[in-house]
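Next up: a single chain in structure tokens, the form predicted on its own.
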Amino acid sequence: MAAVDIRNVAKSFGALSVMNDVNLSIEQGEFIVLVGPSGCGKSTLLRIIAGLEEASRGDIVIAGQRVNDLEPRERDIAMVFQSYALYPHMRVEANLDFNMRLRKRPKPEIEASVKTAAGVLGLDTLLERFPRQLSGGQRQRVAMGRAIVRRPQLFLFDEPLSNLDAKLRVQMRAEIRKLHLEIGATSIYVTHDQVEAMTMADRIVVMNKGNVEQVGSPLELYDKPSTLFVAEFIGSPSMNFYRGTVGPDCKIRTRAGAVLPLSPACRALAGQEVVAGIRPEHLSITDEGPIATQVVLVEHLGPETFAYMEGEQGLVCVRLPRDASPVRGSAVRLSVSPQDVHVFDSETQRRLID
């Protein structure tokens, strides 16, 4: 296990800046997920940690040692890529022990490490197969096993589940998390899928346009997003947004004419232009709700129902009980409790109240 410190790390390709002064401290044994849209800098940061890219400025410190000038093989890390990168002419066992044989480790040590990794990942009965004889999930387990066999101080995962189908991704998410808990190594995991981030991370690092927007536990980011971007990115379906002005009565009057209640803490914001955010589960259908909408789509997902409604400020999503079934085309009114309204500055897009 190793702690990792990322200090003022930036990356530019000529005049194009793709990452701006990133600072992050990762504790020993922590599972950190870097998440964000394509092009936000998350994979670039991972490659800099691995030594596959050189930082334009800043330092990478692993286990107290500055590693900027070390080659990837000298950093004692293991990386699992989106592509499995297995040797097709080698059997599973040979793929697992290849790096240790390359480093000329003693045969008993190699055999013990392979046995341990195969047992943890359920590969015991697959050691004599070639990669072409394995399913996608089995190949990904072999790729992870090859990393485990090395017993590195740091694991790096670069969107390892992107090539798998939906059912297998759910299974592999659980397996990777279980593996992390069993071996206790520090892990940094990159994904664009916020569901993966929410279900796997000890802490999530949300990145956008080369900057770190927020760092926190999954529930911290969900309950108190610090920026409008995090509020929109974290959560599925996304948060609903309304633009308006805060009145002296602690209510937001939206441009569409709706009046949303706020907590008394918002009294100091009177006269300010804001963006109000409301999670789908915090909206409810009531006879005299302040938000007028019309039902355009109803999705029944088994344990719950999502209703999409068109209002004057665009599409609104409401999470309802499984048996709810508002009629498509019907007019409904929505309400929300004051404590469930998130308030952001319309210019800076930063959170205004806790």
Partner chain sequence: MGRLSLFQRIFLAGTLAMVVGPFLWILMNSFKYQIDIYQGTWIFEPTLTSYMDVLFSRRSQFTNNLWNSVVVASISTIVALTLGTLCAYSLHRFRWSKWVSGGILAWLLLFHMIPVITLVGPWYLIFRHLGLYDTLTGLVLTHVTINLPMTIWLMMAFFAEVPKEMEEAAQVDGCTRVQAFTLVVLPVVVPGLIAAGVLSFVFSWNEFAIALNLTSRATATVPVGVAKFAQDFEIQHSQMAAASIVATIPAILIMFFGQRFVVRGLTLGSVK
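This is a predicted model, so every value here is computed, not measured. Throughout, rigid core stands for the largest set of C-alpha atoms superposing within 1.5 Å between the two forms. Numbering follows the first chain given and starts at 1.
Heads up, the form predicted in complex with the partner chain isn't pictured, but that's what we're talking about next.
Trainee: Does the partner chain come within 4.5 Å of a heavy atom in each of Phe241, Ala265 and Val274 in the predicted bound form?
Mentor: Negative, none of the three is within 4.5 Å.
Trainee: At 4.5 Å between heavy atoms, only one of the stretches 227 to 235, 199 to 207, 121 to 129, 85 to 93 reaches the partner chain in the predicted bound form; which one is it?
Mentor: Among the candidates, contact is made by 85 to 93.
Trainee: Classify Pro72 as contacting or not contacting the partner chain in the predicted bound form by the rule of any non-hydrogen atom within 4.5 angstroms, answering yes or no.
Mentor: Contact with the partner chain, yes.
Trainee: Just checking whether Ile77 would be counted as a contact of the partner chain in the predicted bound form - the rule being heavy atoms within 4.5 angstroms.
Mentor: The answer is yes: Ile77 has a heavy atom within 4.5 Å of the partner chain.
Trainee: Is Arg279 close enough to touch the partner chain in the predicted bound form, meaning at least one heavy atom pair within 4.5 Å?
Mentor: Looking in the predicted bound form, residue contacts with the partner chain do not include Arg279, since no heavy atom lies within 4.5 Å.
Trainee: Are any of the heavy atoms in Arg47 no more than 4.5 Å from a heavy atom of the partner chain in the predicted bound form?
Mentor: Looking in the predicted bound form, residue contacts with the partner chain include Arg47, since a heavy atom lies within 4.5 Å.
Trainee: Sort through Thr116, Asn99, Gln138, Thr245 and report the residue having a heavy atom within 4.5 Å of the partner chain in the predicted bound form.
Mentor: Going through each option in turn, the one that passes is Asn99.
Trainee: Of these, Leu315, Leu52, Leu297, Leu301, which has a heavy atom no more than 4.5 Å from the partner chain in the predicted bound form?
Mentor: The option sitting close enough to the partner is Leu52.
Trainee: Considering only 132 to 154, what residues come within 4.5 Å of the partner chain in the predicted bound form, judged by heavy atoms?
Mentor: Sequence-ordered list: Arg146, Arg150.
Trainee: On a rigid core superposition, would Pro88 pass a 2 Å threshold for CA movement between the shown form and the other one?
Mentor: The answer is yes; the displacement is at least 2 Å.
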